[in-house]
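The data below hold one chain only, encoded as structure tokens and taken in the form predicted alone.
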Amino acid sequence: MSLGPVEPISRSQFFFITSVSIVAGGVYIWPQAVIADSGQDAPWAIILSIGMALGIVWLQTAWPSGIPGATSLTRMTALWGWVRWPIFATTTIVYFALDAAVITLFSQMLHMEFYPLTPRWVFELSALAIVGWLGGKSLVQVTRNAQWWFPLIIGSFLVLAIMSLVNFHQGDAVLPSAIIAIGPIFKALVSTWYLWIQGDIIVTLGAHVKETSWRQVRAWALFAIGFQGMVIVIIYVLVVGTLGPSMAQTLEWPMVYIFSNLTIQTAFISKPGLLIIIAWVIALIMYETVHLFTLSLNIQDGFSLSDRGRVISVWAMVSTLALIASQLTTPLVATHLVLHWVDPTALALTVTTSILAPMLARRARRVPKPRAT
């Protein structure tokens, strides 16, 4: 049984679901790593990271046109043959490690900063239960949730960011160094790559955008990457300009520190920064949901599962994430996993496959199809 008809989504829904697959990563371990690795060269590393992400997306949307398949995995058949399986397996492992680390860091943040009497596993299992429930829904239902919640998430963030400008007093610290050091910049680029691991999402879900071409899919994907790149730059500028690079490097969750210290004496809610926790919970859930939904759609298509089989695969992946998260006992362990294992692997895999895929696709299109007898 192959993947059945999938109800198409709109271009704006594709933009929202692509954006949601990026935003959560910028909250928990950003921008400490890039500052620690590159110091005053951090702005150059950020610009290079965003530029590379835009270039990779351009390549990732250059090859699917004319290649048969409903998902990234089945489209890879004509390009890679049996090699698609180790590529997909490595991608899946990277997703699991990253998603488990992100949900662990978020749960640890809630436990340590706001709810010390509530065990960490309560936050992890509660979030994963919602992720499993949403991940089993249809593509249209998942994208409608992203379309509804993403503007509220970004709106809340931007309002609080504007309010935080009153504490912005270290503008010189934001400026890049006049002397460019290639080594630290490249090291920071690697430690930033967890933000841009969504190639399979673009290729898989881009195929289900209604009444569009891959050129238009590319435009909307680049728009999503550029928009989230702007958000990442805002976070960096706000954190470094408010706290300074030294303090920003030592705090585990600098944005939480900045927002939680916002006060309004004349409003009904005296600490508006606490409202961002609600937005971040929703961002985390949507982020994890999009990743698991995309993986389950590829698994369903690649292994010819029924819709029920896809739902079972979602819950199997949720259980795997819970198991991995239970082994990440501290924020240091979770961050180390992302920076020193996920990032180098994902960067090497993404760059290699993204460069080779358009070349292989061009050759595959030239191969004559066998005539039916």
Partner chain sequence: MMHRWLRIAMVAILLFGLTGCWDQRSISQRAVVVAVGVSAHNLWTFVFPNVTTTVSSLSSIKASDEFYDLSTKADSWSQARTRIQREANHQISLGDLQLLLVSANLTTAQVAQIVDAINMDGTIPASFWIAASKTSPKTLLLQPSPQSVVPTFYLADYFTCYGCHAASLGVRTWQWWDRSGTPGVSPYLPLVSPGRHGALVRQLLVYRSQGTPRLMPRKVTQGFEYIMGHVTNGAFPVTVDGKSYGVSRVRDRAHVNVMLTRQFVVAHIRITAAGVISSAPIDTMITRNIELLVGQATGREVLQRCLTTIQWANQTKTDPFGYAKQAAWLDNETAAEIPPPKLSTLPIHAFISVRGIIRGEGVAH
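All values reported here derive from a predicted model rather than from experimental measurement. Positions refer to the first chain, counted from 1.
One more form of this protein should be noted, the form predicted together with the partner chain, which is absent from this view; the next part is about it.
K.L.:
For the three residues 247, 257 and 261, verify that every one has a non-hydrogen atom within 4.5 Å of the partner chain in the model of the complex; reply yes or no.
P.N.:
Yes.
K.L.:
For the chain seen here without its partner, which of 193-201, 111-119, 213-221, 228-236 has a heavy atom within 4.5 Å of the partner chain in the model of the complex?
P.N.:
Contact criterion met by 111-119 only.
K.L.:
Check residue 133 for me: does it contact the partner chain in the model of the complex (non-hydrogen atoms, 4.5 angstroms)?
P.N.:
Heavy-atom contact with the partner chain at 4.5 Å: present for residue 133.
K.L.:
Given that the partner is absent here, does residue 40 sit within 4.5 Å of the partner chain in the model of the complex, heavy atoms only?
P.N.:
Within the cut-off, so yes.
K.L.:
If we define contact as a non-hydrogen atom of the residue within 4.5 angstroms of the partner, is residue 175 a contact of the partner chain in the model of the complex?
P.N.:
Residue 175: yes, in contact with the partner chain in the model of the complex.
K.L.:
State yes or no: in the model of the complex, is some non-hydrogen atom of residue 289 no more than 4.5 angstroms from a non-hydrogen atom of the partner chain?
P.N.:
Outside the cut-off, so no.
K.L.:
Report the residue, out of 78, 181, 87, 251, that has at least one non-hydrogen atom within 4.5 angstroms of the partner chain in the model of the complex.
P.N.:
Only one option qualifies, and that one is 251.
K.L.:
Note which of 92, 74, 147, 167 lies within 4.5 Å of the partner chain in the model of the complex, where distance is taken over heavy atoms; exactly one does.
P.N.:
Flagged contact: 167.
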